[in-house]
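Let's start with one chain on its own, the form predicted alone, as structure tokens.
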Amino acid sequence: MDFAKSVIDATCEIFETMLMTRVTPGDPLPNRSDVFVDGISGLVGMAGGYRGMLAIHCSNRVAMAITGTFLGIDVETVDDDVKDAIGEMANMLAGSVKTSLSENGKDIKLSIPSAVGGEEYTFECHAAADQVLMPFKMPDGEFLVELQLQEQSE
């Protein structure tokens, strides 16, 4: 399974259809950082045929821009609306990726989306999983979409 292609396809589709915004993917990053600064991460866990998670990591500025476009409002601070919107973006991305992983994604369940963030926070994930960390550019800045999955044997 080409996880990078699944992430690129899902991200481009969701941003174009839900935000009317074109995003440009970069090359997958070889290493990830566990520490993020002045940002927010939306996260959705996955279980079933695959186990892992999908996350979107962005700066506060990009998170506010995404939220403003998504909700059609002016956003000037990171508040509960921003956290909910970034969590929902992770949810939509995970939903799109799960359908590419198996027939209609029926054997994969998604957790309730959540968001974490702050001036400096740590985001650690499952070390044994296959992973891809894809950077994307949009008019308001850059963000990352991370997918970590481990296929579960029957």
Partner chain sequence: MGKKVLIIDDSSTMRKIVARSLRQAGFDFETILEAGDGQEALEVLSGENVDVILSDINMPNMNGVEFLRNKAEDDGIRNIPVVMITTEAGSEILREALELGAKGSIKKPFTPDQVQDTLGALL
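Numbering follows the first chain given and starts at 1. The structure displayed is predicted, hence computed values, not measured ones.
Absent from the display: the form predicted together with the partner chain. The rest refers to it.
- This chain appears without its partner; in the model of the complex, the one residue of Leu144, Val132, Ile14, Met138 with a heavy atom within 4.5 Å of the partner chain is Ile14.
- When the partner chain is considered in the model of the complex, Ile112 lines it closely, a heavy atom lying within 4.5 Å.
- At a distance threshold of 4.5 angstroms between non-hydrogen atoms, Asn60 is out of contact with the partner chain in the model of the complex.
- In the model of the complex, Ser33 stays away from the partner chain, with no heavy atom inside 4.5 Å.
- Contact between Ala85 and the partner chain in the model of the complex is found at the 4.5 Å heavy atom cutoff.
- Along 64-98, a non-hydrogen atom within 4.5 Å of the partner chain in the model of the complex is carried by Thr69, Phe70, Leu71, Gly72, Asp81, Asp84, Ala85, Glu88, Asn91, Met92, Gly95, Ser96, Lys98, in order along the sequence.
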